[in-house]
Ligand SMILES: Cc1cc2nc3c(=O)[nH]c(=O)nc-3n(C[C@H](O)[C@H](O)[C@H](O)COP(=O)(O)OP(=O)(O)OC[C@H]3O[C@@H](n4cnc5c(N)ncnc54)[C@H](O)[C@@H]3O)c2cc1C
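Consider the single chain below, provided in structure tokens and representing the form predicted on its own.
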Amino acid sequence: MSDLIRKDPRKDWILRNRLHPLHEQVAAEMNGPAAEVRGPSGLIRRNPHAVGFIGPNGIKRIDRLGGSAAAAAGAKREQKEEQLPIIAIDAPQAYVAVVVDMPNGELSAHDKDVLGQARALADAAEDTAVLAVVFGPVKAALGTEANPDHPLGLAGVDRVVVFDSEAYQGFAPEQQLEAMLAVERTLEPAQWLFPDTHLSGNDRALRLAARLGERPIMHAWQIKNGKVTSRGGSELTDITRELASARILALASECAMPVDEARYEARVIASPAVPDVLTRIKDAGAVAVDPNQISLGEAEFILSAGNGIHDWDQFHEAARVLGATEGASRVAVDDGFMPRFRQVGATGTWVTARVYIAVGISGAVQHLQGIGSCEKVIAINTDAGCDMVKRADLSVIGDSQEILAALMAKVQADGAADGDEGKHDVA
């Protein structure tokens, strides 16, 4: 007798007919085993009828997330981190140095892109390590031993040099330049990479190039086949140079894919001795600016309102207390509650905020497109199944008035305790 597995067409017909009196019995019989079985040819076959569940209205639902989106994402992230291999370079013979911005002690999306490009360059050479040069304190603790689970290790960094004394914090170009020159004398990096950002990476790259007598490549957006392509002519022309002729590069965002397939040591090494310099530039701190005077496209912290806002006076007060720039969905703008220049989305302004709080916004596709480059998205909504909640990194389900009131009370209490009310870290 043949060993081939034969299908029962009658059972298949009953399984497709949910109103058949034997449907539940046949479904339990056929879907009881694993959803994946090995066919007669040895290949794994998936049983589509074993996926999902019958909802209260009798319609079959497929739960591709295996539970809530947040729980599934968290489990997947933990599993991925556990399985990521640790790659170590014991004795590097050369370095690709990256001077990261790390605003508020954390890697930005731009930093991760540049580190991804540095990783690609280092992997293309033998015994070459990625060296991260950090100015200022780092939020996550670093040690002299390997730190593969540190954000720097997950971003592809092999070695780290930290200059965290007060002399290097803020805008201190002269002292930071001396530190980079000390690294140059000690480790002689094959290349220096910088995020092409205003008053940080861009300025540092130009100062280092001038001191070393190098011709830098600015606004570079692609490195491929030994050539560097950069944007010039008011960003209307592409300029191509040989990679071998360039030691200092300021890279645009999305220049490369961030590292996500391995962990690296991120081992802290001793910083070289840096001579003190006579500084002629002193950082007097950030100038107090009304957040609503900042354009949406440049704002780092945005509190955005949608159709779920019922107390607009409270929303404006919450934006003032939090120190956030106000934004709005198209519905709120069309209803006349907010001016047109406050509209966020594909039909309004594309934003790149570090923190974006969406209050009462369901998440139309145009709005989600406009916030695609935001680093952290927080959703406050009564609908746990809306698209904005699915997109958000953190969701708070509840009445927006109560949540905003509690948030303002917390911020004001913390500000009063610190004696610095009105100044808050958006991170």
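Start at 1 and count along the sequence shown; that's the residue number. If you're wondering where the values come from, they're calculated on a predicted model, not measured in any experiment.
There is another form of this protein, the form predicted together with the ligand, and it is not shown here; the text below is about that form.
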Based on heavy atom distances of at most 4.5 Å to the ligand in the model of the complex, which listed stretch, 96-104, 152-160, 253-261, 339-347, is the contact stretch?
-> 339-347
Counting non-hydrogen atoms within 4.5 angstroms of the ligand in the model of the complex, say which of P189, G116, G308, P216 makes the cut.
-> G308
Of these, I89, I269, A182, V331, which has a heavy atom no more than 4.5 Å from the ligand in the model of the complex?
-> V331
The ligand contact in the model of the complex: D383, any heavy atom under 4.5 Å = yes
Can you check whether A364 is within 4.5 Å of the ligand in the model of the complex, heavy atom basis?
-> yes
Would G398 show up as a contact with the ligand in the model of the complex if we use heavy atoms at 4.5 Å?
-> yes
